[in-house]
Ligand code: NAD
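There is one chain below, alone, in structure tokens, taken in the form predicted alone.
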Amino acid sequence: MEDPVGQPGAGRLRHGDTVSDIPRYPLLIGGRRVETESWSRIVSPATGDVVGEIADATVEDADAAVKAAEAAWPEWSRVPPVERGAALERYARLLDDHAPRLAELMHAEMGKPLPEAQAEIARANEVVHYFAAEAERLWASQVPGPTLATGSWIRPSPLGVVASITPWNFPVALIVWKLAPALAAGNAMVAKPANEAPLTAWSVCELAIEAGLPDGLVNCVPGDGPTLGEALCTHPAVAKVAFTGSRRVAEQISAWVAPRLKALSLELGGHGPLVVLPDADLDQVAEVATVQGYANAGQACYSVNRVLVPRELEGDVRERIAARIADLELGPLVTQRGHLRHRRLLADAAARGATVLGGEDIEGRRVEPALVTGAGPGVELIDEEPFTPIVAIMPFDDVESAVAEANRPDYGLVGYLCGGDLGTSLEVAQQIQCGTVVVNGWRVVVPYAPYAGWRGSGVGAELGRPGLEAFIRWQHLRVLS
């Protein structure tokens, strides 16, 4: 996964140097819009148009946002769970009302095809509705003692101020996965969205304020990633950092957080294997490989990157995938860095004897989907997360070899398996060392189940009950008389 930090496309502006018809997105601190001296233009990677100007927060702005959150969360944590859930449900309904606008904005700022943007907004809104209901179910429990008044009370308590640092590839989903459970558990949040696509994430935070959530409960401080990342991760009032992005940045965040003993959750990159069993439906294999290999132009941590297929079925699977991608039109690669990486990965594969179908530049940062055969360990796109629209087909001689290859790279986010016999499929799926394994299909995320990275793909879980408990600390009240 690429870092959730970087430089916006058209550089910074100083205060007063504006384009009159371009919308401006100031900081959101303590329920207020806060102007800054420095602003950045957000340029669409699809059209080259300037779609907005976003405020550049300073270290002092980050401190102000944390202090606003610190002032807000204690009262919010005392709101009864049923009322807290009702407030979040009002927020969820407001997000529903604004879904078309949010999808159009996402389409404009990052070039994501509109149907994909609409789908992201819809799935993200499901998450807010889910955690609104979970807030109502956030009960304490009692282990009775010898009398009604004595025994052990076990109660959930919020952590306090949470800092979220999120990337650009799913700008709404990945902030909502943190924001909704954090609020449901009684916390406040300071959000730092990615520089490349901050506008839709900013809008999600603004709608939390518009929904009537208490001032300071949701704050948004876009700006320079390393500067603000360090300010938030080292701030004494921040109790937890929730990060999605690259392993390289995660290691830096961990270095800031660990000496201060803050809570930390990390959702990092993946290198998704699709294990094909001999009795699999090959049309289904081709569908899973195509949908999950090239969704979001391959810029997804859950992507199918390697199709591990019985050797005797390799040609058939290759032909079916090639037929499906022949007329596939992708959105742009959002960053220039990603575009250069795409070219480098394909050149490296070809230089090492692999065959590359497609992958050529079309216009700007739009590229063809690429299908690679003849590549194995030692080729960069086989060993490292591509994060571009590249799928490699790798033949194997037995299922054990396929599972070994699936587990070889130090990733463990999402794996896939297609097979005919369900019992055998489940037995093999359990051997794939990923937090999520999808059997005979492609939809990965549902609000009620945890999404967790194993091994080099992360620490902790998002979504589901584990995603709520990630923002809770437990207190035991031992009553003896």
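Keep in mind that what you see is a predicted model, and the values were worked out from it rather than measured. Residues carry their position along the shown sequence, with the first being 1.
There is another form of this protein, the form predicted in complex with the named molecule, and it is not shown here; the text below is about that form.
Interface residue among Arg344, Arg137, Arg248, Arg260 relative to the named molecule in the model of the complex, by the heavy atom within 4.5 Å criterion: Arg248. A heavy atom within 4.5 Å of the named molecule in the model of the complex is found for exactly one of Gly229, Pro332, Pro395, Pro369: Gly229. Residue contact with the named molecule in the model of the complex: Gln252 places a heavy atom within 4.5 Å of it. Interface residue remark: Glu109 is not counted as part of the site for the named molecule in the model of the complex, having no heavy atom within 4.5 Å. Although the partner is absent here, His129 lies well away from the named molecule in the model of the complex, with no heavy atom inside 4.5 Å. Among heavy atoms of Trp39, none comes within 4.5 Å of the named molecule in the model of the complex.
Remark: of stretches 321 to 329, 284 to 292, 382 to 390, 87 to 95, the one touching the named molecule in the model of the complex is 382 to 390 (heavy atom within 4.5 Å).
In sequence order, Glu267, Leu268, Gly269, Gly270 are the residues of 267 to 295 having a heavy atom within 4.5 Å of the named molecule in the model of the complex; the partner itself is omitted from this view.
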